[in-house]
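Next up: a single chain in structure tokens, the form predicted alone.
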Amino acid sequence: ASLAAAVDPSNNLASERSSIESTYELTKYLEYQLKEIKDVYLTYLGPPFNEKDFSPPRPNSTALTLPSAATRLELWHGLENQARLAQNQRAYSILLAAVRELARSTLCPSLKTSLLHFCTGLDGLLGSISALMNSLGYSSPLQAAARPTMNDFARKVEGFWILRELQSWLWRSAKDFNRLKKRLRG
């Protein structure tokens, strides 16, 4: 009887729904957590980074190649689930390495602790996305490359953009996981 339950498609679908739901919930939690960390981090960087209207140009010549979540919505929605999940996984892999570097270079102990705790959550999100991809029969993309060394101001600008892109990716991912969950219901 347990073998029949193991191959029962409705059990598999319920497992996929549960996996998507927990991934969605983790994404929403990280999105909330990032709002608090971002404010503290920008205050830590000081002027002009902590000024409300400050928005430096996005660095375009780093080896990090921050993944942008700025893809037009209709193009993003036109991608297959596997392609969107793979891009989410690649983005979070790169952003996780970048946030770990922010934590490593941060001198404020409480901010460092918050960033490292956030990294643990991002690592969990990567694991959840990988598990979800595996349960749906998708393969995982390659991992991220190492980052270059930069001067202090360039590192601050990059830190600003890392957090901004991460915020955009978390918002987009929450929407994606919600859409995926709804598709599996029907």
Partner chain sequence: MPRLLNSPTSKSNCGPVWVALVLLGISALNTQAKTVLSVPQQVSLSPNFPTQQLSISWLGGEATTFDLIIFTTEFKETIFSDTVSAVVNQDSGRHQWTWTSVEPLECTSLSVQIRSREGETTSEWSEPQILEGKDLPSNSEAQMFPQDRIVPAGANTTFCCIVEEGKEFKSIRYENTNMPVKRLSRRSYAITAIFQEATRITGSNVICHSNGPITGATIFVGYPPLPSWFKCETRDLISAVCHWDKGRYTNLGGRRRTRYSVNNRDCSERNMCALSQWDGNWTLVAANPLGQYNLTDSAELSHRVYPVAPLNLSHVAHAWNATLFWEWTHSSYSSLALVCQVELAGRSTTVRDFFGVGLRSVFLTDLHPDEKYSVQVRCGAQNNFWKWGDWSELHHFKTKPYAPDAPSVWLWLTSDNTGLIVWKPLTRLQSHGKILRYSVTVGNAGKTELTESLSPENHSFPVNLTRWASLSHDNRVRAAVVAENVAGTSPPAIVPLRFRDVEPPALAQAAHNSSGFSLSWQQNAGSTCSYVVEWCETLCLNCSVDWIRLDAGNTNVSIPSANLLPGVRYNFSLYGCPSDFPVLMQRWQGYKEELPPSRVELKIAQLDCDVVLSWEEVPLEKRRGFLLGYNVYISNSSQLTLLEKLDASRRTYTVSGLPAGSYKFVVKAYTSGGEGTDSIVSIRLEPCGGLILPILTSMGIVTLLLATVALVCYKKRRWVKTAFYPDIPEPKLPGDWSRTQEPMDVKPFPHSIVHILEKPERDPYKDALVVIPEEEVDDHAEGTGDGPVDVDERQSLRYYNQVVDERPIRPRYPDSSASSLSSVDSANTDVTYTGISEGFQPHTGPSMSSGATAGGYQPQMRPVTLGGNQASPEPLVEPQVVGCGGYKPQSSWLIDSPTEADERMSPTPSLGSPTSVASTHFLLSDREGDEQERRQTSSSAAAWLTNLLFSAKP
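The structure displayed is predicted, hence computed values, not measured ones. Numbering follows the first chain given and starts at 1.
Unshown form predicted in complex with the partner chain; subsequent notes refer to it.
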query = in the model of the complex, does Ala131 have a heavy atom within 4.5 Å of the partner chain?
reply = no
Close approach of Leu45 to the partner chain in the model of the complex, 4.5 Å, heavy atom = yes
key: Contact flag, Lys38 vs the partner chain in the model of the complex, heavy atom cut 4.5 Å   = no
inquiry  = Can you work out whether Lys28 and the partner chain are in contact in the model of the complex, taking contact to mean some heavy atom pair no more than 4.5 Å apart?
reply    = no
note = The stretch from 28-36, 131-139, 114-122, 50-58 that lies within 4.5 Å of the partner chain in the model of the complex, judged by heavy atoms, is 50-58
request  = Using the arrangement in the model of the complex, list in sequence order the residues of 99-126 with any heavy atom within 4.5 angstroms of the partner chain.
outcome  = Leu107
